[in-house]
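Form predicted on its own, single chain, as C-alpha coordinates, below.
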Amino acid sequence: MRIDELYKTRKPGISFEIFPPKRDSYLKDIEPVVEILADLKPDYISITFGAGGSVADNRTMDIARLIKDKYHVEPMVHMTCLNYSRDEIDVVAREMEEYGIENVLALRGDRREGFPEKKDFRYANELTEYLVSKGHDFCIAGGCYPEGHLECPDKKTDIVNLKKKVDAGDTLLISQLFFDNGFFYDFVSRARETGIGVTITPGIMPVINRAMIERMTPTCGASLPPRFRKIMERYGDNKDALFDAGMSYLVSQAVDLMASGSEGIHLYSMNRADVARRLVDSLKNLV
(Lines give C-alpha, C1' and ligand atoms only; values in the text may rest on other atoms or scores of the structure.)
Protein backbone atom coordinates (compact mmCIF):
# COMPACT_ATOMS: atom_id res chain seq x y z
CA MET A 1 0.00 0.00 0.00
CA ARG A 2 1.16 3.52 -0.75
CA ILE A 3 2.13 5.34 2.45
CA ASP A 4 0.50 8.57 1.32
CA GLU A 5 -2.78 6.68 0.81
CA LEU A 6 -2.44 5.13 4.25
CA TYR A 7 -2.08 8.58 5.78
CA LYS A 8 -5.35 9.70 4.22
CA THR A 9 -7.19 7.28 6.51
CA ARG A 10 -5.21 7.74 9.73
CA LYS A 11 -2.53 9.83 11.36
CA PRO A 12 1.15 9.01 10.80
CA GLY A 13 2.73 6.87 13.51
CA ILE A 14 6.26 5.50 13.84
CA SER A 15 8.52 4.32 11.02
CA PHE A 16 12.07 2.99 10.94
CA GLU A 17 15.13 3.19 8.70
CA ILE A 18 17.53 0.27 8.34
CA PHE A 19 20.53 -0.37 6.09
CA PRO A 20 21.71 -3.54 4.34
CA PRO A 21 24.64 -5.17 6.16
CA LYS A 22 27.79 -5.36 4.06
CA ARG A 23 28.47 -9.07 4.50
CA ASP A 24 27.24 -11.61 1.96
CA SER A 25 25.08 -13.11 4.72
CA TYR A 26 23.13 -9.84 4.88
CA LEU A 27 19.66 -11.43 4.94
CA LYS A 28 20.65 -13.73 7.78
CA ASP A 29 22.15 -10.77 9.62
CA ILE A 30 19.24 -8.39 9.15
CA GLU A 31 16.23 -10.69 9.53
CA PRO A 32 16.32 -10.83 13.37
CA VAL A 33 16.22 -7.01 13.37
CA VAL A 34 13.38 -6.91 10.81
CA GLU A 35 11.38 -9.43 12.82
CA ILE A 36 11.51 -7.27 15.95
CA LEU A 37 10.84 -4.05 14.06
CA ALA A 38 7.85 -5.59 12.30
CA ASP A 39 6.47 -6.74 15.66
CA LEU A 40 6.47 -3.08 16.74
CA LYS A 41 3.84 -2.35 14.05
CA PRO A 42 5.52 0.55 12.21
CA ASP A 43 3.84 2.45 9.39
CA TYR A 44 6.73 1.38 7.15
CA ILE A 45 10.41 0.45 7.17
CA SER A 46 12.77 2.25 4.80
CA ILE A 47 15.92 0.62 3.47
CA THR A 48 18.94 2.63 2.38
CA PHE A 49 20.60 2.22 -1.00
CA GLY A 50 24.38 2.64 -1.21
CA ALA A 51 25.63 5.38 -3.51
CA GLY A 52 27.80 4.22 -6.38
CA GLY A 53 26.97 0.54 -6.11
CA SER A 54 25.71 -1.56 -8.96
CA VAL A 55 21.96 -1.77 -9.49
CA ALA A 56 22.57 -5.49 -9.94
CA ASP A 57 23.35 -5.66 -6.20
CA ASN A 58 19.85 -6.40 -4.95
CA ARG A 59 20.46 -6.24 -1.21
CA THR A 60 18.06 -3.34 -0.77
CA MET A 61 15.38 -5.01 -2.87
CA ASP A 62 15.87 -8.38 -1.20
CA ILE A 63 15.34 -6.83 2.22
CA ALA A 64 12.32 -4.88 0.97
CA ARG A 65 10.76 -8.11 -0.28
CA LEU A 66 11.47 -9.81 3.05
CA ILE A 67 9.77 -6.96 4.93
CA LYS A 68 6.72 -7.00 2.68
CA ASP A 69 6.23 -10.68 1.90
CA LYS A 70 7.19 -12.35 5.17
CA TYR A 71 6.48 -9.65 7.78
CA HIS A 72 3.67 -7.79 6.03
CA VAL A 73 5.00 -4.30 6.67
CA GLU A 74 5.23 -1.73 3.88
CA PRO A 75 8.83 -1.19 2.75
CA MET A 76 10.17 2.07 1.36
CA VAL A 77 13.14 1.69 -0.96
CA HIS A 78 15.73 4.46 -1.05
CA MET A 79 16.66 5.42 -4.60
CA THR A 80 19.65 7.70 -5.22
CA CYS A 81 20.34 9.16 -8.65
CA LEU A 82 23.64 11.06 -8.70
CA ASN A 83 25.65 7.99 -9.68
CA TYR A 84 23.04 6.31 -11.90
CA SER A 85 21.71 6.64 -15.43
CA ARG A 86 18.06 6.68 -16.46
CA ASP A 87 18.42 3.10 -17.69
CA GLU A 88 19.70 1.99 -14.29
CA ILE A 89 16.88 3.78 -12.52
CA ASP A 90 14.46 2.00 -14.87
CA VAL A 91 15.85 -1.35 -13.73
CA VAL A 92 15.18 -0.54 -10.07
CA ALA A 93 11.71 0.84 -10.79
CA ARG A 94 10.73 -2.23 -12.79
CA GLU A 95 11.90 -4.50 -9.98
CA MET A 96 9.83 -2.51 -7.51
CA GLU A 97 6.74 -2.92 -9.65
CA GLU A 98 7.43 -6.62 -10.18
CA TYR A 99 7.63 -7.21 -6.44
CA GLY A 100 4.68 -4.99 -5.53
CA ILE A 101 6.80 -2.39 -3.72
CA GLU A 102 4.97 0.93 -3.94
CA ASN A 103 7.03 3.36 -1.85
CA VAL A 104 10.29 5.03 -2.79
CA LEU A 105 12.43 7.70 -1.15
CA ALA A 106 13.87 9.71 -4.05
CA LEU A 107 17.26 11.21 -3.16
CA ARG A 108 20.13 12.80 -5.01
CA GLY A 109 22.67 10.92 -2.91
CA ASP A 110 25.93 12.12 -1.39
CA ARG A 111 28.98 12.97 -3.42
CA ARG A 112 31.65 10.41 -2.66
CA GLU A 113 35.26 10.20 -3.74
CA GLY A 114 35.84 7.29 -6.06
CA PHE A 115 32.23 7.12 -7.29
CA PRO A 116 31.88 9.06 -10.56
CA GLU A 117 28.76 11.12 -11.05
CA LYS A 118 26.64 10.60 -14.13
CA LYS A 119 24.93 13.36 -16.08
CA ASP A 120 21.34 12.07 -16.17
CA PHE A 121 20.28 13.59 -12.85
CA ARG A 122 21.65 16.51 -10.88
CA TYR A 123 19.01 16.88 -8.18
CA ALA A 124 16.40 14.75 -6.42
CA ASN A 125 13.48 16.66 -7.97
CA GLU A 126 14.71 15.51 -11.39
CA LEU A 127 14.53 11.89 -10.22
CA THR A 128 10.97 12.46 -8.99
CA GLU A 129 10.01 14.10 -12.30
CA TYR A 130 11.47 11.16 -14.20
CA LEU A 131 9.63 8.51 -12.15
CA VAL A 132 6.35 10.40 -12.59
CA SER A 133 6.96 10.81 -16.34
CA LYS A 134 7.41 7.04 -16.69
CA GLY A 135 3.97 6.47 -15.23
CA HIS A 136 5.05 4.60 -12.11
CA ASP A 137 2.31 4.53 -9.47
CA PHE A 138 4.66 5.00 -6.53
CA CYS A 139 4.33 7.00 -3.36
CA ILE A 140 7.42 9.15 -3.86
CA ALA A 141 8.90 10.59 -0.67
CA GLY A 142 11.61 13.20 -0.50
CA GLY A 143 14.26 14.21 1.99
CA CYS A 144 14.25 17.58 3.76
CA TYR A 145 16.70 19.40 5.98
CA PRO A 146 15.53 21.26 9.11
CA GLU A 147 18.84 23.12 9.40
CA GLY A 148 19.22 23.55 5.64
CA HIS A 149 21.13 21.42 3.13
CA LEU A 150 24.90 21.79 3.52
CA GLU A 151 25.31 22.75 -0.13
CA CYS A 152 22.52 25.32 -0.08
CA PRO A 153 23.53 28.99 0.42
CA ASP A 154 20.66 29.86 2.78
CA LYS A 155 17.46 28.47 4.31
CA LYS A 156 15.19 30.45 2.00
CA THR A 157 16.77 28.87 -1.07
CA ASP A 158 16.58 25.48 0.61
CA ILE A 159 12.79 25.79 0.99
CA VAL A 160 12.47 26.93 -2.63
CA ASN A 161 14.34 23.80 -3.71
CA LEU A 162 12.15 21.65 -1.47
CA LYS A 163 9.05 23.11 -3.12
CA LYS A 164 10.47 21.92 -6.46
CA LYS A 165 10.47 18.35 -5.13
CA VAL A 166 6.85 18.57 -4.02
CA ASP A 167 5.78 20.22 -7.28
CA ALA A 168 7.55 17.40 -9.13
CA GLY A 169 5.52 14.75 -7.32
CA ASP A 170 6.82 14.09 -3.80
CA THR A 171 3.79 13.35 -1.61
CA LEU A 172 5.65 12.79 1.66
CA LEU A 173 8.75 14.34 3.22
CA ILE A 174 11.14 12.76 5.75
CA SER A 175 13.60 15.00 7.53
CA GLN A 176 17.31 14.63 8.00
CA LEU A 177 18.20 13.91 11.62
CA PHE A 178 18.33 16.79 14.08
CA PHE A 179 18.88 17.12 17.82
CA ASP A 180 17.17 20.45 18.53
CA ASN A 181 13.41 20.36 17.90
CA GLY A 182 13.34 24.12 17.50
CA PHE A 183 15.02 23.78 14.11
CA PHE A 184 12.32 21.36 12.97
CA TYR A 185 9.42 23.52 14.13
CA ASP A 186 10.87 26.58 12.40
CA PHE A 187 11.48 24.56 9.24
CA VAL A 188 7.90 23.22 9.12
CA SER A 189 6.52 26.73 9.62
CA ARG A 190 8.57 28.07 6.71
CA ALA A 191 7.61 25.12 4.52
CA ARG A 192 3.90 25.66 5.18
CA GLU A 193 4.21 29.37 4.47
CA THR A 194 5.73 28.45 1.09
CA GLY A 195 2.72 26.31 0.21
CA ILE A 196 4.17 22.89 0.99
CA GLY A 197 1.20 20.93 2.32
CA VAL A 198 2.37 17.29 2.29
CA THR A 199 3.13 15.25 5.42
CA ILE A 200 6.50 16.19 6.94
CA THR A 201 7.84 13.48 9.24
CA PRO A 202 10.72 14.32 11.62
CA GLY A 203 13.70 11.97 11.57
CA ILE A 204 15.55 11.37 14.83
CA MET A 205 18.52 9.31 16.04
CA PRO A 206 19.81 8.51 19.54
CA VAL A 207 23.30 9.33 20.76
CA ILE A 208 24.51 5.88 21.76
CA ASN A 209 27.90 5.97 20.03
CA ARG A 210 30.02 9.07 20.56
CA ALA A 211 32.44 8.45 17.70
CA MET A 212 29.63 7.85 15.22
CA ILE A 213 27.77 11.04 16.17
CA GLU A 214 30.94 13.11 15.97
CA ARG A 215 31.68 11.60 12.55
CA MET A 216 28.17 12.01 11.17
CA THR A 217 27.10 15.46 12.27
CA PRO A 218 29.57 17.45 10.12
CA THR A 219 28.45 15.56 7.01
CA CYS A 220 24.70 15.86 7.59
CA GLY A 221 24.60 19.42 8.92
CA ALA A 222 22.99 18.66 12.29
CA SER A 223 24.16 20.87 15.13
CA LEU A 224 24.61 19.61 18.69
CA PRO A 225 22.74 21.58 21.38
CA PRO A 226 24.40 22.15 24.79
CA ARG A 227 22.29 19.50 26.55
CA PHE A 228 23.31 16.95 23.96
CA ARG A 229 26.99 17.85 24.27
CA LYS A 230 26.81 17.44 28.05
CA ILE A 231 25.57 13.89 27.61
CA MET A 232 28.48 13.02 25.31
CA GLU A 233 31.04 14.72 27.54
CA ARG A 234 29.78 13.07 30.72
CA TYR A 235 28.96 9.58 29.44
CA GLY A 236 30.82 9.27 26.13
CA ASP A 237 33.39 6.80 27.50
CA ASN A 238 30.84 4.62 29.31
CA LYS A 239 28.94 2.52 26.78
CA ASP A 240 26.04 1.52 29.03
CA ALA A 241 25.62 4.96 30.57
CA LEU A 242 25.71 6.63 27.16
CA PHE A 243 23.03 4.26 25.90
CA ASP A 244 20.69 5.09 28.79
CA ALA A 245 21.36 8.83 28.60
CA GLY A 246 21.07 8.85 24.81
CA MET A 247 17.79 6.98 24.88
CA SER A 248 16.45 9.36 27.52
CA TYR A 249 17.30 12.29 25.24
CA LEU A 250 15.72 10.54 22.24
CA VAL A 251 12.50 9.80 24.12
CA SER A 252 12.22 13.36 25.44
CA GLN A 253 12.77 14.67 21.91
CA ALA A 254 10.10 12.34 20.52
CA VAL A 255 7.59 13.20 23.27
CA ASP A 256 8.03 16.90 22.58
CA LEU A 257 7.55 16.31 18.84
CA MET A 258 4.38 14.28 19.40
CA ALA A 259 2.98 16.77 21.91
CA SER A 260 3.61 19.55 19.41
CA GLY A 261 1.56 17.80 16.75
CA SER A 262 4.34 16.43 14.56
CA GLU A 263 3.28 14.06 11.79
CA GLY A 264 4.77 10.83 13.08
CA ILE A 265 8.32 9.87 14.03
CA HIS A 266 10.93 8.36 11.70
CA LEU A 267 13.68 6.60 13.65
CA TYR A 268 17.14 6.18 12.16
CA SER A 269 17.53 2.86 13.94
CA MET A 270 21.12 2.02 12.89
CA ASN A 271 19.82 -1.57 12.77
CA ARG A 272 19.43 -1.49 16.55
CA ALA A 273 16.19 -3.25 17.41
CA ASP A 274 16.71 -2.47 21.11
CA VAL A 275 16.63 1.25 20.33
CA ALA A 276 13.40 0.91 18.36
CA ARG A 277 11.71 -1.17 21.03
CA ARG A 278 12.57 1.21 23.85
CA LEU A 279 11.30 4.20 21.86
CA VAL A 280 8.04 2.48 20.93
CA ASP A 281 7.47 1.31 24.50
CA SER A 282 7.98 4.88 25.72
CA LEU A 283 5.48 6.32 23.20
CA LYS A 284 2.88 3.54 23.21
CA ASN A 285 0.21 5.74 24.81
CA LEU A 286 1.07 8.83 22.76
CA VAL A 287 0.92 7.64 19.14
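Residue numbers run from 1 along the displayed sequence. Given the structure is predicted, the values throughout are model-derived calculations rather than measurements.
Keep in mind the form predicted together with a small molecule is missing from the figure; the text below concerns it.
- Each of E17, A106 and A124 places at least one heavy atom within 4.5 Å of the small molecule in the predicted bound form.
- Remark: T80 counts among the residues lining the small molecule in the predicted bound form, judged by a heavy atom distance of 4.5 Å or less.
- Heavy atoms of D110 reach within 4.5 Å of the small molecule in the predicted bound form, making it an interface residue.
- Interface residue remark: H149 is counted as part of the site for the small molecule in the predicted bound form, having a heavy atom within 4.5 Å.
- Although the partner is absent from this view, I140 stays clear of the small molecule in the predicted bound form, with no non-hydrogen atom inside 4.5 angstroms.
- Shown without its partner, this chain lists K164, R210, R86, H136 as candidates; in the predicted bound form, only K164 has a non-hydrogen atom within 4.5 angstroms of the small molecule.
- Residues within 4.5 angstroms of the small molecule in the predicted bound form, judged by any non-hydrogen atom, belong to 116-124 and to none of the other stretches in 116-124, 191-199, 67-75, 87-95.
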